[in-house]
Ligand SMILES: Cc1cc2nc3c(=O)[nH]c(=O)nc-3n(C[C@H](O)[C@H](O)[C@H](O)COP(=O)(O)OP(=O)(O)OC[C@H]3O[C@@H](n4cnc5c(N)ncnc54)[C@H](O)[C@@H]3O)c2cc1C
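Here we start with a single chain on its own, the form predicted alone, put down as structure tokens.
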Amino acid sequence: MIWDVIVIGAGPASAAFARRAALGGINVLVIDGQTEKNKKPCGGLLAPDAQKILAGSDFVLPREVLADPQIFAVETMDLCTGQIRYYQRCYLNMDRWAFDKLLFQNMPEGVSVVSGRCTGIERKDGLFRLKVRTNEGIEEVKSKYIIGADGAASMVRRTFFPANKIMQYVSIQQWFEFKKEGPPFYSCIFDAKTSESCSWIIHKDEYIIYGGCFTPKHCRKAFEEQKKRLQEFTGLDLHNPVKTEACLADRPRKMKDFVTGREGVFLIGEAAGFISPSSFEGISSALRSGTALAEAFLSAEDSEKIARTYRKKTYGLRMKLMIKTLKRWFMYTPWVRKIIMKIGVGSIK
């Protein structure tokens, strides 16, 4: 069988595209490389922007997808200055693995999902041919178009757009059993001595997650050093982790970092560079870009027009993320952050 579209990756961007495209009569094959033991490391917080997008499609989260507690404030701390401030935020705390699975439930006819990992891609005789490793062995699948929804480590982006490199961090997080009751339930951590980016602590049921984004060189050393400093600062016991996870995280800095695609190859979500450079929140951008590409497929007639339409539909998203690079400067420049936290702009008691 020759599919209209093959999507590599089975996250929010892929789900948004597949659902909308299939309703328009497009046959979609989704290659899902995640398993419960090999799932995407994620804090699992659904931000207000993502909530708003899901609300527009009457989407609801069942109880089994949610994790305790629900979060209405973030504690922001600077380990270098010792400053602490609290800011009102409204996040839905959830199980990210269960959330991704939920997005693919009740898909319309025309969407098929295969569990496996793509090991090779080539373009031949006007078709894309992909080798997929499944439990049954290596299979070959073919399509007219291919979409990369495979995150920061995107094979599709590396294969077809190797010149369009984007700045990347290594995101490392560890899970710990949590025995102490009480707040804070969500903390944002800055420590200029160990990272130019941010870290986080999130309570999730009977665990806490401590993680952060670090420059690739000596990332694990920086992570452990920051963890030690954090324990001294907060008194938290971060010994004996239950598990350690790591993945790449993109940080767009200029418009050229956003690669939407051409010549039958398209990118959505973080694979395209659509992720907040300030908070690393990516679910809202994934949902928007996946929907935008599906609408481009349904309104355009050929590859060139699809590419042009998709780029036009994501202009607002690209501009929004570029504005957040300015927000990042205020958040991540130590002396500016020190002044903002001292004054207490936007904070709550």
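We number the residues from 1 along the sequence you see. Just so we're clear, the structure is a prediction, and the values are computed from it rather than from any experiment.
Heads up, the form predicted together with the ligand isn't pictured, but that's what we're talking about next.
Stretch from 74 to 82, 262 to 270, 233 to 241, 160 to 168 whose residues place a heavy atom within 4.5 Å of the ligand in the predicted complex: Of the options given, it is 262 to 270.
Full three-residue contact with the ligand in the predicted complex, heavy atom 4.5 Å, for Gln174, Ile208 and Lys227: No: none of Gln174, Ile208 and Lys227 comes within 4.5 Å of the ligand in the predicted complex.
Contact label in the predicted complex: Cys198 to the ligand, heavy atom within 4.5 Å: Result no; Cys198 lies far from the ligand in the predicted complex.
Heavy atom of Arg117 within 4.5 Å of the ligand in the predicted complex: Flag for Arg117 set to yes.
Non-hydrogen atom contact Val5 with the ligand in the predicted complex at 4.5 angstroms: Looking in the predicted complex, residue contacts with the ligand do not include Val5, since no heavy atom lies within 4.5 Å.
Cys42, heavy atom within 4.5 angstroms of the ligand in the predicted complex: Yes - in the predicted complex, heavy atoms of Cys42 and the ligand come within 4.5 Å of each other.
In the predicted complex, residues of 273 to 300 near the ligand [heavy atom within 4.5 Å]: Stretch hits, in order: Ile275, Phe280, Glu281, Gly282, Ile283, Ala286.
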